[in-house]
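In structure tokens, the next block holds one chain alone, the form predicted on its own.
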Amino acid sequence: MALAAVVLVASLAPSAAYAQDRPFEGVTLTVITQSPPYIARPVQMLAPEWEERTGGTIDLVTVPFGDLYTQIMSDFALGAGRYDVVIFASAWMGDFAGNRYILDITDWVLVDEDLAFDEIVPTYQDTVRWGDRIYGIPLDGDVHTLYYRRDALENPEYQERFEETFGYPLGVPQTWEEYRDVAEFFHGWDWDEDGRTEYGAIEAMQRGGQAFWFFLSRAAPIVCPEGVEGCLWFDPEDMTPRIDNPGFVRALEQWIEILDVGVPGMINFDSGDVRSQFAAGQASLGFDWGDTGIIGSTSDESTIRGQLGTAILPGSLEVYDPETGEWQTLDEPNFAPFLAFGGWVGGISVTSQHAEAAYDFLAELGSPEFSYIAVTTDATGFNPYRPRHFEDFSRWLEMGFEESDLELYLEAIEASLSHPNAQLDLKLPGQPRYMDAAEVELARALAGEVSAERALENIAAQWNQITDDIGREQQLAFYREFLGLD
């Protein structure tokens, strides 16, 4: 890596060890991230090579995702200093960078030619910024995309029957209403003739199983006209939640309705269930991060290899403008791909005594060369975010990706990441509190305990309380910084 040049301009004093072979001899870096295989696996893959090159040692600490934020945040808040490198959800950047628990590495990153930060998809450069400074290295490109069965949607007999039933041609759904029609058509019969009943759709709805992100992917094109800042979150003037406006109500009502044409038990599915059951041929449609595409096209257990279609998420012909309080009717669908979760990023704890070594490890983990290996290796959880990831098919094919599936897969991810109306996940102190409050009420609405409207009103009330607990003025300042308004 180009760290020898980097440290000359960094705020930390450069070490004379950079002139030596094995410059971090005797240094142990403690790295914390999610339990394996996903996300931890790339660290495990790189560690032996990095240890051999530098003389350092990687001590990997892993915890289940549900405990990861608390584990890291507790260490930061107490100043315990147990971790050198933290690999975390970019949505937590507000807590970690906003409170200056991780190092500002701007001066290192911008002169590190080997890292090639400026080649990263611009949206993912933004995931590691707080204000105009850089606090981490992107390691993953997360965005929800639509998955569909090509053998179902391209079947001439089914196309004829669908048009007779719904009055328009069967194809890749362009709106959530079309998605509902396609799911209804393919629900509850053996359309792939494998001797089993198949179903319409599959989505993650379980509290704690990424349900809030799935709901926001449905809501985004309905509530986000192009150019409206903070459409998914809060009014940038006073932090009033927007989650209970009529657009969100419609999105939640549609989500509740999809249960009628979903895989049985879907209300209790997390994203892992989406991946395994879609690959098992259970549904005609679904959506998820890039992992569903990899498992569906490369797993030996997959029954849909060579029949996997991928596309940008459906849009909406009616859009609610939160600034005017009015619905807009459009001639073409409004698309708003949601960068759910925002990707995994790597940061360096301000308490680390080995910041130079920590940067060297992270810079190699996110380098053009290693990142290409990581995103094209099964069960890493890292998805494409650099040009080479989309342009070089060689390792994708080597990992077993069916060529007929691959082009659509990469095109859909790239189109989503580069879309002018792509929506970033929230980066704000207390983000997990906001998310958990929302998931409780969404689960109640899906279970029929409360109406969609009441559930969203409850979320808005709890979000206001969380904002007041943390400090409304502080949160407003952080939020405007996140939106780039100040």
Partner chain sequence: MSTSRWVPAAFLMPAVVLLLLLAIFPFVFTIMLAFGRVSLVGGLSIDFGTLRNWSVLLADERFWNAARVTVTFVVVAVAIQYVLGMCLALLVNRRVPGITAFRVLFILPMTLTPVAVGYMWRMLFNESIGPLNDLLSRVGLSGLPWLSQGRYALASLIAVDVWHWTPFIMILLLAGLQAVPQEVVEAATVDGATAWQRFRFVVFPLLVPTSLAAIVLRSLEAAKIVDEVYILTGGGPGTSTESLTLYAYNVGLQGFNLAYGATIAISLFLGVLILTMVFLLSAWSLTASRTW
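Every value quoted in this text rests on a predicted model; they were computed, and no experiment measured them. Residue numbers count along the first chain shown, from 1.
What comes next is about the form predicted in complex with its partner chain, which does not appear here.
Of the candidates Arg250, His354, Arg207, Arg242, Arg207 is the one whose heavy atoms come within 4.5 Å of its partner chain in the predicted complex; the others do not. Put simply, of Pro48, Gly66, Pro420, Gly26 only one has a heavy atom within 4.5 Å of its partner chain in the predicted complex, and it is Gly66.
Comparing 155 to 163, 256 to 264, 305 to 313, 289 to 297 against its partner chain in the predicted complex, the single stretch with non-hydrogen atoms within 4.5 angstroms of it is 256 to 264. The closest non-hydrogen atom of Val61 lies beyond 4.5 Å of its partner chain in the predicted complex. Contact check for Asp436: a non-hydrogen atom falls within 4.5 Å of its partner chain in the predicted complex. Of the heavy atoms in Gln282, some are within 4.5 Å of its partner chain in the predicted complex. Although the partner is absent here, Arg53 is not a contact residue: none of its heavy atoms lies within 4.5 angstroms of its partner chain in the predicted complex. No residue of the trio Trp108, Thr329 and Leu483 has any heavy atom within 4.5 Å of its partner chain in the predicted complex.
Taking its partner chain as it sits in the predicted complex, the stretch 451 to 479 comes within 4.5 angstroms of it through a non-hydrogen atom at Arg454, Gln465, Asp469, Ile470, Gln474, Phe478.
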